[in-house]
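Just the one chain here, the form predicted alone, laid out as structure tokens.
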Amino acid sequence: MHVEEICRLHSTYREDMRVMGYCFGKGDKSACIVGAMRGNEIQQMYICSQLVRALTELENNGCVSAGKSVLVIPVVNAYSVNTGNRFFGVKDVDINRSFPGNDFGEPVSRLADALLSRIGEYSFGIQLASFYMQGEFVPHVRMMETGYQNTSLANLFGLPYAVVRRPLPIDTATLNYNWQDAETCAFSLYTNCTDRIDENTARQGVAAILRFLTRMGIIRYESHSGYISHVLYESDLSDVYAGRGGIFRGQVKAGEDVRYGMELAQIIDPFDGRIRERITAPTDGIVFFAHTESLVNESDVAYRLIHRLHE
């Protein structure tokens, strides 16, 4: 392993922000894994740290294939991690909505440009991502429907689900979309949390990445076969909305089976404690996403359900 500076962002009043990468093997730019791009992506940073640890051991044992190289970037947005902010700088800009960037633009745009210039030539790109809504997911791998997506390769991660998302205009500024535009086969990997560490799904995320690298012939690693992934289109998921705002008392978690009419959550009046609403399941299915914050706003997505595939 060797550590190198991927890019540097100059700061007038504090230490320069350096984005560091951990490189394994030599040869073709085979795979790049990117961790925390937002300041609260602690789980994503942790998964990358464990991946660096595992790859270091594998490389020391000669298990990185000849002519292949892997790059791991645990943290892109170190400033925001240090200050406890989700977004970057005084303007609170989302780095993952700033690609492909501009070398003569604002600081975040220069950062995005420098990062993409450095990692755009890798054959496979894996981003440890987080969602814009606070909550927990069933671990899954996600792809943008750009015409370059490959659901067969997504199955090689061995996670329960592979989700295909049709990009909205705002998605064209994400790393995943621009990676694919640079002809990198790009995936976003989601575990069940963001701003805290969940050991079980972190291990599942590390195992999924090592499994993929093994199956693509980049490393040699003995791993369990994992799941045969079911491919979902995000548009086919059933959104369950909160009809009222208040204190959220969830009763089911991501991955649980639910039946039509089953009570999923209660929304409590924060002043008098009465139940404002009982959220019920509109269909039989599996909880794919669950809201986990203590408060919920009216019309927020409380749950996303996968329709039951068979009895």
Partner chain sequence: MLEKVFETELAVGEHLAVRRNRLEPEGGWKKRITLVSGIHGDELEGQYICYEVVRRIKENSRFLTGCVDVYPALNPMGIDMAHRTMPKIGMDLNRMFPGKEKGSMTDRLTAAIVDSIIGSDICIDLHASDIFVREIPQVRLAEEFAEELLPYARWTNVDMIWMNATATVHESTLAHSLNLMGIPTLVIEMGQGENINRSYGDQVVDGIFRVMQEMGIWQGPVADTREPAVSSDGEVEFIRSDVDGVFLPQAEHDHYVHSGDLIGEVVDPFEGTVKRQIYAKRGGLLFTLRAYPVVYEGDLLARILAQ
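Just so it is clear, the model here is predicted, and its values are computed rather than measured. Residue numbers count along the first chain shown, from 1.
This next part talks about the form predicted together with the partner chain, which is not shown.
Exercise. With heavy atoms only and a cut-off of 4.5 Å, decide whether residue 195 touches the partner chain in the predicted bound form.
Key: Although the partner chain is absent here, residue 195 would stay clear of it in the predicted bound form, with no heavy atoms inside 4.5 Å.
Quiz item: Does the partner chain come within 4.5 Å of any heavy atom of residue 241 in the predicted bound form?
Solution: Although the partner chain is absent here, residue 241 would touch it in the predicted bound form, with heavy atoms inside 4.5 Å.
Exercise. Answer with yes or no whether residue 84 is in contact with the partner chain in the predicted bound form, where contact means some heavy atom within 4.5 Å.
Key: Contact check for residue 84: no, nothing within 4.5 Å of the partner chain in the predicted bound form.
Quiz item: Heavy atoms within 4.5 Å of the partner chain in the predicted bound form: does residue 18 have any?
Solution: Contact check for residue 18: no, nothing within 4.5 Å of the partner chain in the predicted bound form.
Quiz item: Which one of 39, 246, 285, 35 is close to the partner chain in the predicted bound form, taking close to mean a heavy atom within 4.5 Å?
Solution: None of the others qualify; the residue that does is 246.
Quiz item: Which listed residue (67, 270, 261, 62) meets the criterion of a heavy atom within 4.5 Å of the partner chain in the predicted bound form?
Solution: When the partner chain is considered in the predicted bound form, the option within 4.5 Å is 270.
Quiz item: Only one of 214 to 222, 174 to 182, 120 to 128, 88 to 96 gets a heavy atom within 4.5 Å of the partner chain in the predicted bound form; which is it?
Solution: That would be 88 to 96.
Practice problem: Using the arrangement in the predicted bound form, list in sequence order the residues of 275 to 302 with any heavy atom within 4.5 angstroms of the partner chain. | Solution: 276, 293, 295, 296, 297, 298, 299, 300, 301 sit within 4.5 Å of the partner.
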